[in-house]
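In the form predicted on its own, a lone chain appears below as structure tokens.
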Amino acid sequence: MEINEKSLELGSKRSVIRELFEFGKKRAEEVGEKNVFDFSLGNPSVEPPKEIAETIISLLSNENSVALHGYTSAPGDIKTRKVISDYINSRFNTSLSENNIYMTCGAAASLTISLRAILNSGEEVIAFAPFFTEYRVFTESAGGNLVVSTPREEDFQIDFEDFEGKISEKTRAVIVNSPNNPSGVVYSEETIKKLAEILNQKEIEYGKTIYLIADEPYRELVYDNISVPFLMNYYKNTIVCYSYSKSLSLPGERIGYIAVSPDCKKSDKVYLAVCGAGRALGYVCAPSLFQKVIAKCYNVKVDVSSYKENRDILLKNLTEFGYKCVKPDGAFYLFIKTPNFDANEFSERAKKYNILVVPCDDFGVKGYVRLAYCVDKERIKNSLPSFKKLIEEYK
């Protein structure tokens, strides 16, 4: 074979989400865009805060263009890293410095770098279902194996009996994604405390470091005054992978960071391993313009009220129609249990009504579909009669 077989396999397998998105574009040409209810892609529908455009214009107008668009240091602009570390410290009472922060091209790059930094060949990473499907790709590309822990289905918090059964001497890391994609569930403080307690015990039992990786692109998207525990405050060996894609509605700009807890065992070496992994992967010097934007807009957030309104409309109506839904306290996804426990069949049947929802078998939980409600409110309202007709087929 003249090319890498695994890369060929990954490149040849189309994402089910992208397949639905492409189908939706084709159907829109046939029946009109307003008649297609595409809930496939988690692309923010809320505009970026006005401060973003103002900052970009100011930088382009007033900064030296050569310096503005030039390289930063490999881990990122030191002033930006200092601003971020100071902000995290003030918000969560931590003691990070700029030398704990590595700027990245979004959360995907953060996860890929972090896993490459800590994994040795054959070691295991535990993910809690439902989980972002690319965790498996990221883990395997770093030489590891993904182990899936099934949730408590009544509330989609961690099933600790199942989790403890999945930990072994091979476990090197555990990924926590809260608010969760695809369920929208936020792990409670009680859940995080119990998780930290178990990991501390297992570190002693196995005589090795087990890292907790916090995947946090949805941290700022929460409703009803729900609080998202900051994992560094509960477990020392924590690495935070953050993205501004959702908090600032900037998914296409690919800007985020890795934060290595200063309380990590051999924290300085962990950070150097992150730098080395970034170097090996070619992930050095994240987009310089947007590093400078973040340095000035670090505490700005999008208005999540429209997401909450969409959630409330869908949750109320779909429940009344007879759907069983997991109540999302964050992110912008609704996790719907399919009437016949066949997510792929349900997703296909929904297409008859021009409803596009993602089957979630590959997310580690069978019999559910994901609905991304980061769309305009009119599309939500217009879709309701079609959702009602769809479930009536199963009655």
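In this text, residue numbers run from 1 along the sequence as written. Everything numeric in this text was worked out from a predicted model, so none of it was measured.
Below: the form predicted in complex with a small molecule, not depicted.
- When contacts are defined as a non-hydrogen atom within 4.5 Å, all of 111, 132 and 215 contact the small molecule in the model of the complex.
- Contact with the small molecule, judged by heavy atoms within 4.5 Å in the model of the complex, is confined among 75-83, 173-181, 299-307, 286-294 to 173-181.
- In the model of the complex, no heavy atom of residue 236 sits within 4.5 Å of the small molecule.
- Though the partner is left out of this view, residue 106 does reach within 4.5 Å of the small molecule in the model of the complex, counting heavy atoms only.
- Residue 136 falls outside the set of residues with a heavy atom inside 4.5 Å of the small molecule in the model of the complex.
- Interface residue remark: residue 247 is not counted as part of the site for the small molecule in the model of the complex, having no heavy atom within 4.5 Å.
- This chain lacks the partner; the member of 202, 194, 166, 254 within 4.5 angstroms of the small molecule in the model of the complex by a non-hydrogen atom is 254.
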